[in-house]
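A single chain comes next, written as structure tokens; it is the form predicted on its own.
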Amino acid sequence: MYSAEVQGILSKLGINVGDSISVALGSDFQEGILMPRSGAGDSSILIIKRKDGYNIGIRYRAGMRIEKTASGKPEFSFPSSGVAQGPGLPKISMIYTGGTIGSKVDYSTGGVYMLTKPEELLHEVPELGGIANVNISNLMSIASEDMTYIEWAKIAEETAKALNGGARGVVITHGTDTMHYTSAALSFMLKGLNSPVVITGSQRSSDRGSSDAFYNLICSCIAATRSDVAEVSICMHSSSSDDKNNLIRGTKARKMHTSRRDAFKPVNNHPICTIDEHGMIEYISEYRHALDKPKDRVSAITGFEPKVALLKAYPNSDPAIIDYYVNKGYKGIIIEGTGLGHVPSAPSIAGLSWIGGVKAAVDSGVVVGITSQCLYGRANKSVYRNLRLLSDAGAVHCEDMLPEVAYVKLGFLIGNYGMEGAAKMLTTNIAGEITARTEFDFPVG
């Protein structure tokens, strides 16, 4: 969006994005197509695509003459189509929430557009018509970095509604940046789950030749219709090629690369299974199986305490950050410790020990959990003296939980079971976030 001032001037002149305009100030003159603004930069700068194909930015100034020289084409849109309903095919629900999987580029203007209807995403995936009868729910269109616990609750409630309404499984399309936070939240929020809930997305927009969107959708729908995995999972590429996808437990998945198609990896776990586009499912590790006759309806337990912080301990780090959150009324803190879950305990610089800050926080009623920023392996409270000091201060070492999962879990526990319940349940396995024995699959080579 342009600034309110610029938008007001453009509106008075009847100018919309896509129109051809001329801009003059003194002897300076430019003309071209008015482009949409990106989210970054000065909102008073007009973006114009000149006839030579280059985009230029012109800051609006008093006295600038702007004229509309031609109307643009109708608002850009993508073709859309529903998925053909096949007799005898299982019914699944697809919940659309946005992200890269729901964006395309209009190459006539260079603008990136979020799809306004999920049916637009399905236009190029006719294969789904042979896999399932898909009911599409357009829940929201949001970049995953903008997700909050409010959106997690909405997705959980919509998922429970779909499953209780007869869906054999649910596929959730989602941005990849915080997909593993949402998968953890849903793993805790959905009680009585007896069907596959599969979260997927794409690293590359669906109009690109190298897009992973369609393969991910196909494999996710196969997982939702043909697997008996009664868990929340993430379904993304297992390699950079279109050969198969991993189905990863929602509390053991992490985005490990900014742009690769196989960015998501299981940590301290193997994938539940692999899936290919032909419907081949190869189970690899243990999982919760769906029952033939579920006893209860799925319920969404969506309480969440937002005043939980995720901190990283590092050399020279100031423990006053703990006091900051305590003074702000935070009820929980997860610390990414070093190694087995250490924090600075007896540094040569006075005042940099975290032990006193942790103890003061716990004494004030704050739940403090310790994870490892190593990710692989597990936190241990008793190997070294400093670990025991931290444990004696009241911190809870969170076994082999990922830091993000521990953060989400603590917010969920406090929001639904209170402070005392959260402290007791933090190291209790709820949704596969803690394994009794780590499936150590450390990447080598």
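All values reported here derive from a predicted model rather than from experimental measurement. Residue indices: 1-based, along the sequence shown.
Although not depicted, the form predicted in complex with another copy of the chain is the subject of the following passage.
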Quick one: which of 128-136, 218-226, 253-261, 161-169 gets within 4.5 Å of another copy of the chain in the predicted complex, going by heavy atoms? 253-261
Could you tell me if all three of 232, 279 and 287 have a heavy atom no more than 4.5 Å from another copy of the chain in the predicted complex? no
Heavy atom within 4.5 Å of another copy of the chain in the predicted complex: which of 345, 302, 93, 246 fits that? Just give me the one. 345
Single option in 312, 359, 270, 191 placed near another copy of the chain in the predicted complex, where near means a heavy atom within 4.5 Å: 312
In the predicted complex, does residue 381 come within 4.5 Å of another copy of the chain, counting heavy atoms only? no
Test of understanding: in the predicted complex, would residue 377 fall inside 4.5 Å of another copy of the chain by heavy atoms? yes
Contact with another copy of the chain in the predicted complex for residue 297, defined as at least one heavy atom pair within 4.5 Å: yes or no? no
Is there a heavy atom of residue 147 no more than 4.5 Å from a heavy atom of another copy of the chain in the predicted complex? yes
Hey, which residues along 322-361 are within 4.5 angstroms of another copy of the chain in the predicted complex, non-hydrogen atoms only? 324, 325, 328, 330, 336, 338, 339, 340, 342, 343, 344, 345, 346, 349
Could you tell me whether residue 360 and residue 347 have their C-alpha atoms closer or farther apart in the predicted complex than in the shown form, knowing the shift is 3 angstroms or more? closer
